[in-house]
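First, one chain by itself in structure tokens, the form predicted on its own.
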């Protein structure tokens, strides 16, 4: 039995995707990413000389600043900063620019659900726009679990508030690397079971989590294809959309 969601989507259907790059002229790299009415702008500044205090001077440092649409940053936003920082550190080749810091500014334009995955996707596109070497691209998705056990991908805010649990999953796109030639052989942090980042909230059984992984991995191919198309050379005024 196929379940229809409030907005008419099927359980595995994503909201319309939109991405634009080079949207901020003063940043070294920038991108917007939208999934439905959720929209985020990510800006990259750096690499700049000098690492943050207590960071390894032999590797590049990454700092993340989260800016909500309104109000002050809270506990949830601090957690988003930490997750985004760790995710970016795992896909960036930090040994290329030792003793430098790259700043990532995330500005929330509108939050209609699945905000963190949207921000991760925006940051990944912005890193490529800045020309910073990556081991591979990454795409993020939110999988939510309803009280009746049904799994829904990419929930909007209305759905998110009704779910008993959800998981943020980040998958590597190992088919595409954004590397300088001299770095192609550098070893990196391995991804466990083909996943870069996994964060869960709420009461989720092992079976629920495994189903989320399966659904998320399946749809990550579409996200990867959309991201790749938006990373192809184009004029800064162009914007690509997918329904």
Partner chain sequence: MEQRLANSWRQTVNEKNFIVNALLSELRVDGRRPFDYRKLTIKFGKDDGSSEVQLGHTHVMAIVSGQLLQPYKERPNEGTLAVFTEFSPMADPSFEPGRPTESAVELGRVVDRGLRESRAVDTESLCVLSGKLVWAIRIDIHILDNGGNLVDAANIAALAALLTFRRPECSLGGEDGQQVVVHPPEMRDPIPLIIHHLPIAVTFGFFSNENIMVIDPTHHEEAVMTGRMTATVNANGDVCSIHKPGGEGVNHRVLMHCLKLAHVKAGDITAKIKDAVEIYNTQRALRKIKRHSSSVALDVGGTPAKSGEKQNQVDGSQLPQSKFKDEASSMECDATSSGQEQNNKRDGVSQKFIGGPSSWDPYSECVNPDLLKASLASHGPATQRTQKGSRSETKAEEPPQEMKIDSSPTDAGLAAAQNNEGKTLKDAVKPKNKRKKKKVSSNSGN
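Residue numbers count along the first chain shown, from 1. This one's a predicted model, so the numbers in the text were calculated from it and none came from an experiment.
Form predicted in complex with its partner chain: not shown, discussed below.
- Judged by heavy atoms within 4.5 Å of its partner chain in the predicted bound form, the contact stretch among the candidates 121 to 129, 69 to 77, 162 to 170, 90 to 98 is 69 to 77.
- Heavy atoms of residue 204 never reach within 4.5 Å of its partner chain in the predicted bound form, leaving it off the interface.
- Shown alone here, residue 197 lies farther than 4.5 Å from its partner chain in the predicted bound form, counting heavy atoms only.
- Remark: residue 59 does not count among the residues lining its partner chain in the predicted bound form, judged by a heavy atom distance of 4.5 Å or less.
- Taking the partner from elsewhere, residue 105 is found to have a heavy atom lying within 4.5 Å of its partner chain in the predicted bound form.
- Annotation for 134 to 158: the only interface residue with its partner chain in the predicted bound form is 150 [heavy atom within 4.5 Å].
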